[in-house]
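Shown next as structure tokens: one chain only, the form predicted on its own.
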Amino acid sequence: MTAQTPIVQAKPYIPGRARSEVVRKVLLYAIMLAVAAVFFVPFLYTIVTAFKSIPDSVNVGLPHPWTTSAWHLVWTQYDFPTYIKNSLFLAAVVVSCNLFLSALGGYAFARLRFPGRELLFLLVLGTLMVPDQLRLIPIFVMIVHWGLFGSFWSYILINLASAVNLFFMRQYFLTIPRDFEEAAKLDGAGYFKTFWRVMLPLALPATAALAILQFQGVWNDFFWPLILFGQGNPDHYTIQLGLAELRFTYTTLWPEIAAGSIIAIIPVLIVFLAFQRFFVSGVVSAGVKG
């Protein structure tokens, strides 16, 4: 006897169902395009304004005439190259320190067993409830007493590591199987060597996501640069302070602000495009395990 092959009946084609599926997809894409337009229109208006003159900047529409004077003034008269250099330096140092310290602390809280670990971790998370405005005075007094007011090191010390980044890295390390650590221990690796050679490379998606978020945070930060550098040497201004300088008491240079804003967006866009393939996987994996 031979086994009979079961007959699989194909689902009947229903024109109405296929038509409703097409309509649903069309409506979905239309809604997505509308939402995208809502976010893109202000950016497009900023680009158009950057090529206008000051009298023409109050008009809605295309520039008449087109001019690049705002770009020239921003790059020469208001010393935006120095502002960009300062912001890049602060962002590079702060991001590097946060990547190392937050990853090291996150690994310790995720893997190491020591007395008071849970209590200490709760205290670290408790700092998230303290806003910058509340700790402004004690930090400002310490910075002045240490003689660091108006220097880049004051900003770097304030932003060496954050509880958010530490929590983020801890959550990601919890998703990595312990088999990798056990294999490293069999090879005679200590805690730090295991972290540096095994765990940190495995946490590349999380570190890439952290680098994007931290770079954006430092690049767009206005509060602490205003406190630390706003009354000091203009050579220490960041790009956000430079943009604020374009608004005077009785006038606002809208074309220059638009041109400076576009220049300020470019580095963040480059960093995001460089690490975007790791960004989603890092954020999703860090939120899987509690």
Partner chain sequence: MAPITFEHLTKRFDQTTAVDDLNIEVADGEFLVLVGPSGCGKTTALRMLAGLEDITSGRIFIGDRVVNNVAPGARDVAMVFQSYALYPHMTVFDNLAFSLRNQKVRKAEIDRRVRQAADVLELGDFLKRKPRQLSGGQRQRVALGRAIVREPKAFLMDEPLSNLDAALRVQTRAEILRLQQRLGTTTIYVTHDQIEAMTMGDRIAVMNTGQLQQLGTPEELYEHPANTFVARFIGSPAMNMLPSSVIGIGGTGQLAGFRPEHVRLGNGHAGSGSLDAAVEVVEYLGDEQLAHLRLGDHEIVVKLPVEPRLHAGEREQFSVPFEKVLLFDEESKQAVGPAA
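Nothing here was measured: the structure is a model prediction, and the numbers come from that model. Residue numbers count along the first chain shown, from 1.
This next part talks about the form predicted together with the partner chain, which is not shown.
Q: Can you work out which of L202, A92, M142, L136 has a heavy atom no more than 4.5 Å from the partner chain in the predicted bound form?
A: Selected option: L202.
Q: Of the options L99, A184, L174, L88, which one has a non-hydrogen atom that comes within 4.5 Å of the partner chain in the predicted bound form?
A: Comparing distances to the partner chain in the predicted bound form, the residue within 4.5 Å is A184.
Q: Using a 4.5 angstroms cut-off on non-hydrogen atoms, would K193 count as touching the partner chain in the predicted bound form?
A: Contact with the partner chain, yes.
Q: Answer for A110 alone: is it within 4.5 Å of the partner chain in the predicted bound form, judged on heavy atom distances?
A: Because no heavy atom of A110 falls inside 4.5 Å of the partner chain in the predicted bound form, the answer is no.
Q: Can you tell me if E118 lies within 4.5 angstroms of the partner chain in the predicted bound form, counting non-hydrogen atoms only?
A: E118: no contact with the partner chain in the predicted bound form.
Q: For F180, is any heavy atom within 4.5 Å of the partner chain in the predicted bound form, or not?
A: Answer yes; at least one heavy atom of F180 falls within 4.5 Å of the partner chain in the predicted bound form.
Q: Name the stretch, out of 193-201, 125-133, 147-155, 80-88, where some heavy atom lies within 4.5 Å of the partner chain in the predicted bound form.
A: Residues of 193-201 come within 4.5 Å of the partner.
Q: Since the partner is left out here, which residues of 68-88 would have a heavy atom within 4.5 Å of the partner chain in the predicted bound form?
A: Residues within 4.5 Å: none in this stretch.
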